[in-house]
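One chain comes next, on its own, written as structure tokens: the form predicted alone.
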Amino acid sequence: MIEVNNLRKTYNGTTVLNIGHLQIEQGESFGLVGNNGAGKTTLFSLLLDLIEPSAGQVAINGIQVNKSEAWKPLVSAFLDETFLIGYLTPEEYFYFIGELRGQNKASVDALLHKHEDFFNGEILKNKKYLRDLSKGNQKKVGIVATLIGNPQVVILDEPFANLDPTTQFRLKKIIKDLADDKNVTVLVSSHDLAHTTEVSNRIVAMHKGEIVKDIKTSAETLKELEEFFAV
């Protein structure tokens, strides 16, 4: 599904990402963990062709992402609030994304109704622009928008940040439900080792732009990661 080969990103002579090979299979629930500066967001930005690699390539479904846009209908992502359109209301934004993804208003409304608990009464019918919402509520909008149109790949960068504990619990259920669909590949990055371990069947740890651990999730995974990052 996703294949990375000899991928490197350098800024002003400093290499911030250097991955020889990484393959993520269809249906995997993939967790990416690491400290600030580890390269997590850089990797996701390269997967989404938001920045150009200094060397190497990323392919999704065999399509090199910086050579063709044919992969884009397969992939949905929310990295941060820059993915939103601040002068739209949440409803306007959801319907806009729906149009881009070939969904009618009724199908978008059905999805929004399904996630009413996640919104906690703070998003819809409040006549607020996205730019006026809190960071946490902006994140809720961005996350649910990634679900529109049944994408084959969902990429979420730090989805648990700025969310209260109840919403984090509800988000974990959303991600687990996605992961249960073997046609959907889910990529989540987070500083929170416990949350990431709970929703992922594979964990990759990064340090200074390189992969330092690649493990299948088990009962021992959280302890192993905590011991690694405690050093």
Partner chain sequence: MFKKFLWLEWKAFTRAASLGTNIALKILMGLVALYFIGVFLALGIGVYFVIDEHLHQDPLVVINKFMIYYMAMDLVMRVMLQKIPIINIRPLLVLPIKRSTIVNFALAKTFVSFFTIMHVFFFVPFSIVLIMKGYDPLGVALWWVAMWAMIYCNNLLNILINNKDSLFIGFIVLILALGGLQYYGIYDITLVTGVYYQSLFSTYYVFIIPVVVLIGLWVFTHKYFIKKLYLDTGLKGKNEIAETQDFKWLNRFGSMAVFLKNDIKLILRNKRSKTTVIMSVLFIFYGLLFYTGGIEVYDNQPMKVFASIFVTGGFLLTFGQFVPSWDSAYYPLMMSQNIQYREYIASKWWLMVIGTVVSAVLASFYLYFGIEIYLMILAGAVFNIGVNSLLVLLGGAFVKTPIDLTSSKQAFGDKKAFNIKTFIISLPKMLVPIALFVIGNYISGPLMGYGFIAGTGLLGLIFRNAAFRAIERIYKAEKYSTLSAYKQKN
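Computed from a prediction, not measured in an experiment: that's the story for all the values here. Numbering follows the first chain given and starts at 1.
One more form of this protein exists, namely the form predicted in complex with its partner chain; it is left out here, but the text below deals with it.
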Fill in the blank from the handout: None of 55, 50, 63, 194 but one has a heavy atom within 4.5 Å of its partner chain in the predicted bound form; the exception is 50
Handout entry: Of 103, 152, 137, 89, the one that lies within 4.5 Å of its partner chain in the predicted bound form (heavy atoms)
Key = 89
Handout entry: Interface membership of residue 127, its partner chain in the predicted bound form, 4.5 Å heavy atom rule
Key = yes
Problem - Contact of residue 69 with its partner chain in the predicted bound form (heavy atom, 4.5 Å) - result: yes
Exercise for the section: Determine whether any heavy atom of residue 160 comes within 4.5 Å of a heavy atom of its partner chain in the predicted bound form, and answer yes or no. Expected result: no
Handout entry: Any non-hydrogen atom of residue 109 within 4.5 angstroms of its partner chain in the predicted bound form
Key = no
Practice task
Establish, in the predicted bound form, whether 94, 119 and 122 all lie within 4.5 Å of its partner chain, using non-hydrogen atoms for the distance.
Solution key: no
